[in-house]
Ligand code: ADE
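First comes one chain, alone, set out as structure tokens in the form predicted on its own.
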Amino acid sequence: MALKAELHCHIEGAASPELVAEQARKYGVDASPYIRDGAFVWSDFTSFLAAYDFSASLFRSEEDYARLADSYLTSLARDGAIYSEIFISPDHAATAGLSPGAYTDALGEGMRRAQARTGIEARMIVVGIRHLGVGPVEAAARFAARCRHPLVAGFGMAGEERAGDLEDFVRAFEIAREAGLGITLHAGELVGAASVAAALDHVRPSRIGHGVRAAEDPDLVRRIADSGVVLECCPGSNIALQVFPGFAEHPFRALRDAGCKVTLNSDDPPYFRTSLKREYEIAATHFGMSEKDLTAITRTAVEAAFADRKTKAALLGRLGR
């Protein structure tokens, strides 16, 4: 089994149906509209967001968040993952009634528990939510820059890609970059190649979340390959959300063959009936990736990680570098 690494997972979206159901019982909330037969219930992007927000609302205390991070990372390690980066949101913390600092500390505690038990390394990427507007995204960047938590290693932007003008968010990324944080952002998922080009033009990230719609523009694909920007690909998520009709139409293999640096990630795994393990299986079954190819993809992820050099060197050592 190939060792695995993940760069793109929203921690609230990683809560299993079983854990969410337990949280619902804990708080006396009816989960039946959103969980049925051990799976999340949704039919389109709007109902997916409703199920996601319901589940996220059930994590309300510091111990809830510590348990969430511990549970997810332990499951990843069980499937052969040696490294994970999770997206965390100060805006979710506010909804839960926690300060961003308490929320981050709680997730960090869960990460430490999982590492002590399994050896998995993990880091956090603070994200601003694009559709909430420029102010909240800049506030998230300022928090990321000043929090100084040892496991906060990056800043990104998630949310509705069609909201706002990307140029208006540039200052947020400058705040994070000046603080030495790694930079990524969602682009080229529900919106086409132009969103990826805009991300490269205005933000200059080292990684792009998804980015797969870049395949619509051969010149842009060449630009990505030449620049070395890493794509955080989430094939299972893309098919579940009907970004592409099926794996045969998914551009993962074509992007890799064109020289782009690609990685495999689960995004919001239980909602899309996937896992990091399944993403690697998809790559083998549908994209013709060999065991050697999959290890190379893991190596790309580790090299692109926002962790410190010593941690990355140790992880690369485990891959046989």
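Everything numeric in this text was worked out from a predicted model, so none of it was measured. The first residue of the sequence shown is number 1, and the count goes up from there.
Missing here is the form predicted together with this ligand; even so, the following discussion is about that form.
Colleague: Under a 4.5 Å heavy atom criterion, is D91 part of the interface with this ligand in the predicted complex?
Modeller: The answer is no: D91 has no heavy atom within 4.5 Å of this ligand.
Colleague: Whether D267 contacts this ligand in the predicted complex should be assessed with a 4.5 Å heavy atom distance threshold; does it?
Modeller: It does: once this ligand is placed as it appears in the predicted complex, D267 has a heavy atom within 4.5 Å of it.
Colleague: Should Y27 be classed as touching this ligand in the predicted complex when contacts are defined as heavy atoms within 4.5 Å?
Modeller: No - in the predicted complex, heavy atoms of Y27 and this ligand never come within 4.5 Å of each other.
Colleague: Can you work out whether G182 and this ligand are in contact in the predicted complex, taking contact to mean some heavy atom pair no more than 4.5 Å apart?
Modeller: No, no contact at 4.5 Å.
Colleague: Suppose contact means a heavy atom within 4.5 Å; in the predicted complex, does that hold for all of H10, A158 and E189 with this ligand?
Modeller: Checked in the predicted complex: all three residues contact this ligand.
Colleague: Pick from I175, L241, A96, A193: which residue has any heavy atom within 4.5 angstroms of this ligand in the predicted complex?
Modeller: Selected option: L241.
Colleague: Let me know the one among R207, H250, R123, H210 whose heavy atoms come within 4.5 Å of this ligand in the predicted complex, would you?
Modeller: Here the answer is residue option H210.
Colleague: Any idea which of 255-263, 40-48, 60-68, 284-292 reaches within 4.5 Å of this ligand in the predicted complex, heavy atoms considered?
Modeller: Heavy-atom contact with the partner occurs in 40-48.
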